[in-house]
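This text opens with one protein chain seen in two forms, each one given by itself as C-alpha cells under the names structure 1 and structure 2.
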Structure 1
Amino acid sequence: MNAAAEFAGVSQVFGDFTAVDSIDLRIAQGKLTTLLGPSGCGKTTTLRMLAGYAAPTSGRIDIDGVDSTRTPPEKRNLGMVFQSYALFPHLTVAENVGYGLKLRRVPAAERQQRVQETLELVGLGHLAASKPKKLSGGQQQRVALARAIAIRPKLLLLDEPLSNLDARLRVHMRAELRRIQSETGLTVVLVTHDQDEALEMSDDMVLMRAGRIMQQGAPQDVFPNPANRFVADFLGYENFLTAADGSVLAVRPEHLDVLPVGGPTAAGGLALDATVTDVAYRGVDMLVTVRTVDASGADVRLISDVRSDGLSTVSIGDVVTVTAPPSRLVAMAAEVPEPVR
C-alpha cells in the first residue's frame, strides 16, 4: 500500500533537548494511525512536524511521495483538529466549517454544498445556524472535525481531540471518528496517550518513548507481542518476572489464575506458590495481589484479575498457587533504558 507520508531519519532538537530522535516512520494511505505514548515522548512534536508547524532539525518528510520537509503548513493541504477545537465564537457552525474553504477561494455555491455535506457526515446538519457556545463539548468537537474535513485534506491530523470530553462521550466519539474515517477513506493520524483509544481505533499504532519509536504495527499484532518491557507495561501487562533461562516474561492479570496449593497446572506454563497480600472485590471480578519469588530468586508482586464467581474465597495471608498456561506467557526484551535527552 502506498504511503501517505514518510519520515526518514527525522530529528527535532531544542538546544540540549532531543524531542524526536532520528525516527523512520511510514503512514499508510487511507488508514488510521495512532501515535501513542506518555507525555513528553515526542508524539505531538512528530505531528507538528508533519503539519509543518515545526521544521525538523535533520531528516526528510515526504507527503504523497514529495519532499515536503520545508513546505509551509498552508501549502500541505492537511486538516488538523487541536485539543482545544479553536472554533470562532462569533461565527455560526456553517461559517466555522466553511472558513478554510473561504480562505481557499472556493466559490460560494460549492462552498455551501460542501459545508452542508460535511455537517451531515458528522450529524450536525440541523445546527448549521447555531453559534459554538450553544453546543455541547461533543458537538463542538464534531464542528472542528467537519472544518478539517471540508477542505478535503491529504491527511487529517488529530492532536488529543477527545481528551476534554467526559468518559462516556469519549467512547461514543471514538466510534464516530472511526465511522467517518471509514466512510471518507481519509488518512488519519491521531495523537493519544490512551492505550484503550489506540487499540480500539487504530489500523496501525506507533508506540513512542523519549523521542524514539519502540514498536509499530496493527493493534492485534502489537498487543499480544510487545517488543519490550516498556511497551508491555504501557499496554497493561502488569506482571513481570524472570524465567529459569533468564528471559523476561509478562502475563496480563486476566490470564493469571489463583488456585489452591497443589492444584492442577498446565505443562510448560507458570506455576508459583505465593502469598495473598490484597483482595479487591469489584462485582463481576476480583483483583488478587500476591507476593512470590520468581526463577531468578527475585521477590515479585503479581496481580490476578479473576471472575468473582469462579474463585473460592481467598483472604490476605493465604498461600496459593498462581498459574498461567504457556500460551499466555509473553517473552520479550528486557527494559529498554530511556535515552539521554
Structure 2
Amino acid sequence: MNAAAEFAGVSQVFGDFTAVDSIDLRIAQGKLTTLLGPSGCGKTTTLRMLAGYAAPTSGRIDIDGVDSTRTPPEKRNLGMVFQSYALFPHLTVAENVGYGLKLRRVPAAERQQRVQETLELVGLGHLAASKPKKLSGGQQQRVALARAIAIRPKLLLLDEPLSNLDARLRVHMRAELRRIQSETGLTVVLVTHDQDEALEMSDDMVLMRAGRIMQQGAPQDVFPNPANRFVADFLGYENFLTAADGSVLAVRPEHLDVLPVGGPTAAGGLALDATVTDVAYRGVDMLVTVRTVDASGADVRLISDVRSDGLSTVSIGDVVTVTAPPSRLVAMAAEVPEPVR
C-alpha cells in the first residue's frame, strides 16, 4: 500500500523544548488517520510540519513519495482546515471556496461550477453569496472544509475540526466527515484529543504522548490491545494490576464483575477478594469501587461497572470477590518510562 505521506525521524524543537521527538509515521493513501493524544503532546505541531507551516528541526517528510521536508506550503497542494476556520472575512463564501482555484487559474465558468459542487457536497449550496461572518459556527466549519477540498488536495488536514461545535452537531459532523471522505476518496489526517471521536472515525489511529508515538493501528486492533499503560488509560481501561510476572494487566470497568465471596470463577481469570469502598447508583448500571491487593502486594483501587439488576444488595464495607474472565484481561508492558523532554 502506498503511503500518502511518510515521516522519518522527524523532530521539532522549540528552544530547549522537544515538541515532537523523532517520530516515524506512515499516512495510508485514501484512509482517515487520526492523531490522538492529550493536550500539548505535539499533534498540531506534527500536522503543521506536514502542511509546511513549520520546518522540522530534523528528519524527513515525504509526500506522495517525494521528499517535501523543505517544500513551502503553497507548493504542497494540501487542504488544511484550521481550528479557528480562518475564513477570509472580506470574501464571500463562494470566493473563499474559489480562492485556491483562482490561484490555479481555473477558468471562471469551471471555477464557479466546482465551487458550487463543493458547496453542495458540504450542504451549503444556498449560502454561496453570504459573508462568513453571517454564518453559524457549524456552517463556517463546512465552508473551511469546502475551501480545502475544492483544490482537490493530496491530503486533507483537519486540526480539531469538531471541537468548536456543540455536542449534538459534533456527533453529526463525525458522520458527515466520514461520508465526505468516502465520497471524495481523499486521504484525511485528523487531529483530536477525543478518544470516542478517534475510535468512531479512524481507519488508522496514532496515539501520541509527549512528542512520541505510543501506538498506531486500526481502532479494532488498538482498542482491545493497548500497547502500554498510557494507551490503555487514554482509551478508558481504568483498572490496572501488576501480575505475578511483573507485567501489567488492564481491565475495563464493564468487564469487572462483583460477586459474593466463594462463588465460582472462570479458570485462568481474575479472582480477588476485595472490600467495597463506594457504590454509585446510575440507573441502568452502578459503579462499585473496591480496594484489594494485587499479585505484587500493592494496594489497588478497582472500579466495576455492573448492571444494577444483577447486583442490588452490595453496600460499602462488604467483602466481595471481583472477577474477570481471561479473555478480558489485557496484558501489556509495564509503565512506559516518562520521556525526557
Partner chain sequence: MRTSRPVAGSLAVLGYIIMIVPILFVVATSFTGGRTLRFPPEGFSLQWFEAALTYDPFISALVSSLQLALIATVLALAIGIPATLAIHRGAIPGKGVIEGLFLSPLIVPELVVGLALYQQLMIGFGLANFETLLLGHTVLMLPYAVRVTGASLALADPALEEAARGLGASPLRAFFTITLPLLRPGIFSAGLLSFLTSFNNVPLSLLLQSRDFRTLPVTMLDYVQQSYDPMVAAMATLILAGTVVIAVIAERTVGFAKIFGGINR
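What we label the rigid core is the largest C-alpha set whose atoms superpose within 1.5 Å from one form to the other. Fair warning: this is a prediction, and the values are worked out from it, not measured in the lab. Reference numbering: structure 1, starting with residue 1.
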| item | value |
| --- | --- |
| Which of the two shown is the form predicted in complex with its partner chain | 2 |
| Core-superposed comparison between structure 1 and structure 2, residue 129 Cα displacement 2 Å or beyond | yes |
| Rigid core fit then residue 104 CA moved by 2 Å or more between structure 1 and structure 2 | yes |
